[in-house]
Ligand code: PHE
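Given as structure tokens, the chain that follows is alone and in the form predicted on its own.
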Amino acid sequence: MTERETWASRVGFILAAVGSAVGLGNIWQFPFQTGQNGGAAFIVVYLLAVLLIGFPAMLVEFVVGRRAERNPIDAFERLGHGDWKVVGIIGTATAFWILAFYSVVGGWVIRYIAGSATGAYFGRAEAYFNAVAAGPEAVVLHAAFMAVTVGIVALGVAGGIERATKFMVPSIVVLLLGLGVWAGTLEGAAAGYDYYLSPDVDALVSNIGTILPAAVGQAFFTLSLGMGAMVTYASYLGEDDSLPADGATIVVLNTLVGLLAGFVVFPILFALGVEPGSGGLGAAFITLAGAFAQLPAGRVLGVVFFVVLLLAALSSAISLLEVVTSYLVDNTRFSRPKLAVGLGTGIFLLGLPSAFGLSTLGWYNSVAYNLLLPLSVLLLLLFVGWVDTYDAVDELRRGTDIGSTFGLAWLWVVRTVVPLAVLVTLLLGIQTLAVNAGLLASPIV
């Protein structure tokens, strides 16, 4: 086994983890999920999910990864609990599964950068999306996106992932800020802000069974939890890094970027009278692309927006590919470039069905949100909360000056509150899958 790679700097780790979190989930999924689930009512539940569930769960992944210094599968054996290896297998499989359809959406983004520059979708946004979202062209662009992802991962942790995310993350923030300032000047922006920031309590209470799993799933997706990414990234950390401080920084930055995306999207939608949440999984490509077609300098704005989307997609995709790559790097003698190419090819093949039909891509997405992510997170919480326990607390405190009270409070939350919330989310997610599959006539809750 060759010497294991590490991050070149603490800032590099934080930006890589933020890049993993700040992906399509923040800019593609977040506004769509917000629009589909009641606007500000969804935001309230989402922020609570990030704070009360996402942050403690992220620290769980960090302590496992750094203490084991191994990939998500081998980590459990390294910690002396090889019988829990199935948890790592599920997390790694989840990363493989998500990247398979995520890459297809990344291919759409590449196409829309070109389409914005030429104005190809102007006047026919929905027809253009339907023409490029599925079929041979979608397959080619799926392959192109995977090729770029493979190329970055093949260069290594410091030379590829860290270097790329140091450029991507600041670029995403700067470009989104510029778009947000511009969106605030549009007529109708105030109505968009009101929808986005003023929750309807009655709607929240009456739709909690739908909003809760969507909000918690969004929190997991945008924080890259349940897919082995944070375990993998933490495994390259040094002992002197403060996990609570780094985790809080990552959560705050990721959440701010997600909220910033809403400040870009909703003023545009309301300025043009577009219903939030319309367009389904293609919302960013139909409603927003259609909006750019009606706005001054629409081609330039479209290019900037979809460049932001591409950078966000790549910063997350490389973390997902690194999850599965790290396992083989730790366990085989093949070079990292060969492994990245082989795994990228396998992921490309798994994603092919979703490149030929939007309904298939929607099913891939639904399985990830409603089943794989909450199941993976739940099992990891149970391991740290009830099996690894005080070793995990010691790891959490290493490199920090926090007292024992914080560590024990975190352990109590990880043992009780968070698993219960995730279990409820998992059950509601399974219910959603059953309804969509026709196994249940209507939701029970």
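The shown structure was predicted, so the numbers you read here are calculated from the model rather than taken from an experiment. Position 1 is the first residue in the sequence shown; the rest follow in order.
Only in words, not in the display: the form predicted together with the ligand, which the text now covers.
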Answer key, the ligand contact in the predicted bound form at 4.5 Å (heavy atoms) among Thr232, Thr149, Ser103, Ser316: the residue is Ser316
Listed residue (Val153, Met227, Ala75, Val265) with a non-hydrogen atom within 4.5 angstroms of the ligand in the predicted bound form: Met227
Using a 4.5 angstroms cut-off on non-hydrogen atoms, would Ile161 count as touching the ligand in the predicted bound form? no
Gly429 versus the ligand, in the predicted bound form: is there a non-hydrogen atom within 4.5 Å? no
Can any non-hydrogen atom of Ala21 be found within 4.5 angstroms of the ligand in the predicted bound form? yes
Is Thr222 one of the residues lying within 4.5 Å of the ligand in the predicted bound form, judged by heavy atom distances? yes
Look at the stretches 176 to 184, 267 to 275, 342 to 350, 316 to 324 and give the one with heavy atoms within 4.5 Å of the ligand in the predicted bound form. 316 to 324
